[in-house]
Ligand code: NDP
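We begin with a single chain expressed as C-alpha cells, specifically the form predicted alone.
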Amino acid sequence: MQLFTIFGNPVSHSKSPLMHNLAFQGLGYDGVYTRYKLEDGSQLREKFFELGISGANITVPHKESAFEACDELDIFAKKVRAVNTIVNKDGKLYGYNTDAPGFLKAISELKDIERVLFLGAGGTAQATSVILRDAGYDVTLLNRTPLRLEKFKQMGFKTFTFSEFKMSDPFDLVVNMTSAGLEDDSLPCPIEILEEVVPASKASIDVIYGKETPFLKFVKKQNKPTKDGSDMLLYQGIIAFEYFTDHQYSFDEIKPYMQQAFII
C-alpha cells in the first residue's frame, strides 16, 4: 500500500485526507492518505523520506519550502516558485503546483470578472496570480508588509501595502489569500480597506473552506456573492490525485468520489 500525506501547520482541519481516501477506495487504488503537522518547513524533505511517503500535498505555510525540497519541478512550479504537490519517483522528489489550475477553474465559473484584488502575498497568491494573469485577468496584490510584495513587483504586478493602498478603479473580485479567520476572528486587512473595495466589487472568494470566515461574513453583509475555497480545494485535489496515481484516472473519473467529501 502506498502512503500519502498532507504537510502543513495547521493541518487538523484539512479535508484532503477524506477526499483522497474516498477516491482511493472508490477507484480501487491501493493507497492511504494521512496528515502531518510540520512546524519547520526546512525539514520537509527529511520527513518525506523518513515517513516513506509516495506523494504529498503541502499547505500553508510550507509551499515555498516545498519548492526548495524538490529535485525536479514542472514548468509552472518552476515559474511561480511554489509547490503544493510532491511525488516520489525512484527516490527523487518531483514538485507540481495544482493550486493555480484549481483556482483558475473555480474563478472561471464566475461571470464578468476582469480586475482581481488578492489580499495576501504568500505561496498560494504567488502561483494563482501568475496563472490568472496568463489567462487574461488583471491582478493586484495587497499585503501588510512590503517584503513579500517585492517578488510580485519584480514580476510586473501592481502591489500595495495596507498603508499605501489607494483604489483608482473598482475590483471585480476580492480574494482572501491569507489564513486570517481560519482559527480566529481576524480579517485579512484593515476593515477600512474592505469597506472601500468590497461594496464596489461583483463577488469575493475566501480560499479558506468549510467555515464562514469573518471576511465572508463581512462580504455577505454587503449583499455580494461569495465563494469559499471548496471548489479550489476539490479541483486542485483532483489534479494532485492524477499525479499521485501517474494519470491512471481522468479528472471526470476522480471527481465524483472526491465530491463526496463535501457532503459527508
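Quick caveat: nothing in here was measured; it's all calculated off a predicted structure. Residue numbers run from 1 along the displayed sequence.
The same protein also has a form predicted together with the named molecule, omitted here; what follows describes it.
- Shown alone here, T145 lies within 4.5 Å of the named molecule in the predicted bound form, counting heavy atoms only.
- Residue contact check for Y36: none of its heavy atoms lie within 4.5 Å of the named molecule in the predicted bound form.
- P101 falls outside the set of residues with a heavy atom inside 4.5 Å of the named molecule in the predicted bound form.
- Of the heavy atoms in G95, none are within 4.5 Å of the named molecule in the predicted bound form.
- Looking at the named molecule in the predicted bound form, residues A121, T124 and Y209 each place a heavy atom within 4.5 Å of it.
- Residue in contact with the named molecule in the predicted bound form (any heavy atom within 4.5 Å), chosen from A82, I86, L117, M177: M177.
- Interface residue among L110, M167, I193, L187, judged by heavy atoms within 4.5 Å of the named molecule in the predicted bound form: L187.
- Judged by heavy atoms within 4.5 Å of the named molecule in the predicted bound form, the contact stretch among the candidates 195 to 203, 65 to 73, 227 to 235, 47 to 55 is 227 to 235.
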